[in-house]
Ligand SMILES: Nc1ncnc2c1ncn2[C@@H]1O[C@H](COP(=O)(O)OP(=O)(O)OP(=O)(O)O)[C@@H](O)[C@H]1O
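Take a look at this single chain, the form predicted alone, given in structure tokens.
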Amino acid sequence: MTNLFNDLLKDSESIFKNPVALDYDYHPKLVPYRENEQHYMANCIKPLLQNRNGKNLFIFGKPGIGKTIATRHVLKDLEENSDEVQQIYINCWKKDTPYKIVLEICDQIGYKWIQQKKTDELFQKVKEILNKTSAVLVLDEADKLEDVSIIYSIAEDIYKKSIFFITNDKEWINNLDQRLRSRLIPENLEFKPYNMEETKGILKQRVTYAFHSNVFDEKAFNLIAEKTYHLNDIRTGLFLLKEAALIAENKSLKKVSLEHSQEAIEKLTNFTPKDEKNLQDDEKEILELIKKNSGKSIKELYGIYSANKELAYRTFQKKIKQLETAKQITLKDHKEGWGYYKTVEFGYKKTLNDF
């Protein structure tokens, strides 16, 4: 009988040196082509080191162009050079309510006595702790917040701080209440897409970290770099590098050819930059419901979901939109008489030609 694993490369023969370097959340020692943006962030934080209030910053730009990784790098650099400033990073996709955010802050500042305390009680403790020092608070994917009241509390009650907001939506800050904007007075920092040369440089850096020498054929690498540049999303490029290498390895080859890159690109329609495991519990439930009822309208899905769960229709619609943004589902418009309605299909249907 043929052994199905005979042609598998041994551990010592793998073309991967450090596959973790292809994860988007991996933090390289250097973040290339974002030096100016990182200096700008650091300048907003510097007053905190002089026992003064820092500046607030609104960071915006398209997905996959380095906003988060550059910010995390600045926080890491601050941590290595000073213990005077408390650093708090929160992803609002996962922590989208004041209670969840305050719980996360408690966890990051080491406050453990959270049982049976309400949001206001917990925030009072957070305020007491943070006002003994100074803090940088980063709210990543800030546009996913269901309730911005926590921003009021932080802006009003934390004395020495810098608040960084990161979002893909450049209009988000303008849609905030005028009273809140006047309290924040944030500066704007736009991350512009990488050009072709920068895209190649970033991917080459990751190739160096992730693979042994001379793994990628030049044409194979260039094709992936070109696709990444056209899609303006480094996450896509990292996916293609990893996928092309896996295709080569599965064929017991130690070099990635143009054919392997082409095959990886064909798999892009199934690639979702925000993995399902990062979804909140209720989003996973809704996604599973869609999977079983693909093609139904939003109202039909809500009818099924609300039979067992309490959730406002408006909130349900927002969750559907978030799943679309996460490239887990596809929304389709339909006309019926004088009106329109949307159906929801499981999976992301775009192809490369759609971009």
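Numbers for residues come from their place in the sequence shown, where the first is 1. Think of the rigid core as the biggest set of C-alphas that the two forms share within 1.5 Å after superposition. Small disclaimer: the values here were computed from a predicted structure and weren't measured.
We do not show the form predicted together with the ligand, though everything after this point is about it.
**Student:** To verify the annotation, which of these, 303, 47, 28, 295, has a non-hydrogen atom within 4.5 Å of the ligand in the predicted bound form?
**Tutor:** Filtering the options by heavy-atom distance leaves 28.
**Student:** Report the residue, out of 57, 290, 65, 323, that has at least one non-hydrogen atom within 4.5 angstroms of the ligand in the predicted bound form.
**Tutor:** It is 65.
**Student:** Using a 4.5 Å heavy atom cut-off, which of 234 to 242, 122 to 130, 215 to 223, 150 to 158 contacts the ligand in the predicted bound form?
**Tutor:** Checking each option against the 4.5 Å cut-off leaves 234 to 242.
**Student:** Can you work out whether the ligand is within 4.5 angstroms of a heavy atom in all three of 69, 168 and 206 in the predicted bound form?
**Tutor:** Yes, the whole candidate spot contacts the ligand.
**Student:** Since only the chain is shown here, I'm wondering whether residue 24 would be in contact with the ligand in the predicted bound form (any heavy atom pair within 4.5 Å).
**Tutor:** Judged by the heavy-atom cut-off of 4.5 Å, residue 24 is in contact with the ligand in the predicted bound form.
**Student:** Does residue 202 make contact with the ligand in the predicted bound form, using a 4.5 Å heavy atom cut-off?
**Tutor:** Residue 202: contacts the ligand in the predicted bound form.
**Student:** In the predicted bound form, is there a heavy atom of the ligand that lies within 4.5 Å of any heavy atom of residue 194, even though the partner is absent here?
**Tutor:** The answer is yes: residue 194 has a heavy atom within 4.5 Å of the ligand.
**Student:** Using a 4.5 Å cut-off on heavy atoms, which residues of 140 to 156 contact the ligand in the predicted bound form?
**Tutor:** Stretch hits: a single one, 141.
**Student:** Residue 327: CA shift of at least 2 Å between the shown form and the other one after core fit?
**Tutor:** Where the cores coincide, residue 327 still shows a C-alpha shift between the shown form and the other one that is 2 Å or more.
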